[in-house]
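Read the single chain below, which is given as structure tokens and is the form predicted on its own.
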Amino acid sequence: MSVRSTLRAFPTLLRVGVSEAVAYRAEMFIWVLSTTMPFIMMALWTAVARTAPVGRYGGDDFVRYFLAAFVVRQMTGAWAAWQINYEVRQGTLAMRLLRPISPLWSYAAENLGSFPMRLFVVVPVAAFSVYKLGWGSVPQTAWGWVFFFLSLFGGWLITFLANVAIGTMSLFMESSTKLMDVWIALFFVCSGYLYPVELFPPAFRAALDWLPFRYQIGLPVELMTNAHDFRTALVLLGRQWLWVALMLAMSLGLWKQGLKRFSAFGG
């Protein structure tokens, strides 16, 4: 199918994805409950900052940061790695390959289709942050909003493409779930999900600037909470989209090579 035909079919795939998210809303609710770690970290860090600020973070700053981290986590989540791994092992990937559109578009639509359901959780949390802590909880300039949404989309793309790359590895090694476990462990440590990246020692923080994890969560959170000036935000955004391009090239390359081996695993 041509790119033009694929783009014309994508809205229909999105509607199917929304319908599936509504049908499986109980599972979606359980997934949301499993991503409440920022609330736990918020309680811990505000307790630490009660006597003295940690870096530039006082108690309110930690509350603002972790509420933003919860919002960004909801909007950048993806689960394609587990889908691909399951369908490769069960052989049901063949059903997707029979369709006149790449399975990767279907996976993307199913993941994006859950966004309206997630907004029911995200919007109240963001509104509470503004009500409790003021307008510093959201971007305060026009360019800030543009950069924030770009970073949010870039963060989702990195997460989704990493899922595709790791899920595709199941075509080479039967199961890639352990690889995904390693990726998630690194994500927890390096992304800013459990603590702000700037609290790391300078040498380690400089290394994180060149890894993809920070751009999944940390950068959108920093832009949502007005942590950077225009120039710094532009530089970090450029690095994020460089990672998007690299992850796209890697995931597509692995996908094409992996499909050549699919007959060895199909059930």
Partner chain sequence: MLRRYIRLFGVQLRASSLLAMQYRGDFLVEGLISLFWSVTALAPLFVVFQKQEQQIGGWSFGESLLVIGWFTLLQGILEGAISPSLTGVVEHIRKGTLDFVLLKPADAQFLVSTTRFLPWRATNVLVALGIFVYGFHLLGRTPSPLGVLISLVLLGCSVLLLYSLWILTVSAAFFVVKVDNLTYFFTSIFDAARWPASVFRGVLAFIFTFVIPLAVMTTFPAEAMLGRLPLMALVWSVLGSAFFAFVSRRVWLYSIGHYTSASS
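Numbering follows the first chain given and starts at 1. The structure displayed is predicted, hence computed values, not measured ones.
A second form of this protein, the form predicted together with the partner chain, is not displayed here; the remarks below concern that form.
This chain is drawn without the partner chain; in the predicted bound form, the residue among V182, L98, V123, A142 with a heavy atom within 4.5 Å of it is V182. Contact with the partner chain in the predicted bound form, defined as a heavy atom within 4.5 Å, holds for exactly one of F147, Y107, Y195, W156, namely Y195. Using a 4.5 angstroms limit between non-hydrogen atoms, W241 is distant from the partner chain in the predicted bound form. Remark: E27 counts among the residues lining the partner chain in the predicted bound form, judged by a heavy atom distance of 4.5 Å or less.
The closest non-hydrogen atom of R56 lies beyond 4.5 Å of the partner chain in the predicted bound form. For A43, a non-hydrogen atom is located within 4.5 Å of the partner chain in the predicted bound form, even though that partner is not displayed.
Contact with the partner chain in the predicted bound form, defined as a heavy atom within 4.5 Å, is made by none of L237, L248 and W255. Remark: of stretches 182-190, 113-121, 130-138, 159-167, the one touching the partner chain in the predicted bound form is 182-190 (heavy atom within 4.5 Å).
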